[in-house]
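Single chain ahead, by itself, as structure tokens, in the form predicted on its own.
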Amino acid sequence: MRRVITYGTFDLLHYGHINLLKRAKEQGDYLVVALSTDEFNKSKGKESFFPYEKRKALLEAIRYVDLVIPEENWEQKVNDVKQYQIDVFVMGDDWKGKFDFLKDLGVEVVYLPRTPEISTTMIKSKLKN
């Protein structure tokens, strides 16, 4: 079984998120989603519209997602890869090259293109105006 992991905030869940999760799941058989906690988001200067537990429940309802775990810091990725026996690490292509160090652990690193016309930042901006 090929195990895949991806990371994100997944706030104001939209079809771009669904596209990413679907394509991530296509990389293997079991998809783990590491979801940024509210505390981690605050440390990055971000605030989610929906709290962690609500975002987690939304992700758990998506058929492509097999397991949701908390993302609490930048450094946990190596431990997550080991703990969950990950074969494929997937991120959006705006992170291209940033996680290539995971290849040293025998993990395939895949950067998927984002859905260009949609983002949570864009939605928040339009709602604000």
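So that there is no doubt, residue numbering starts at 1 and follows the sequence shown. Values in this document were obtained by computation on a predicted structure and should not be read as measured data.
In what follows, reference is made to the form predicted together with a small molecule, a form of this protein that is not presented.
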{"property": "Contact residue in the model of the complex, chosen from K103, K82, K46, K54 - any heavy atom within 4.5 Å of the small molecule", "result": "K46"}
{"property": "The small molecule contact at K25 in the model of the complex, heavy atom, 4.5 Å", "result": "no"}
{"property": "Partner contact for E71 in the model of the complex: the small molecule, 4.5 angstroms, heavy atom", "result": "yes"}
{"property": "Contact test in the model of the complex: M91 vs the small molecule, heavy atoms, 4.5 Å", "result": "yes"}
{"property": "Residue contact check: F40 to the small molecule in the model of the complex, 4.5 Å heavy atom", "result": "yes"}
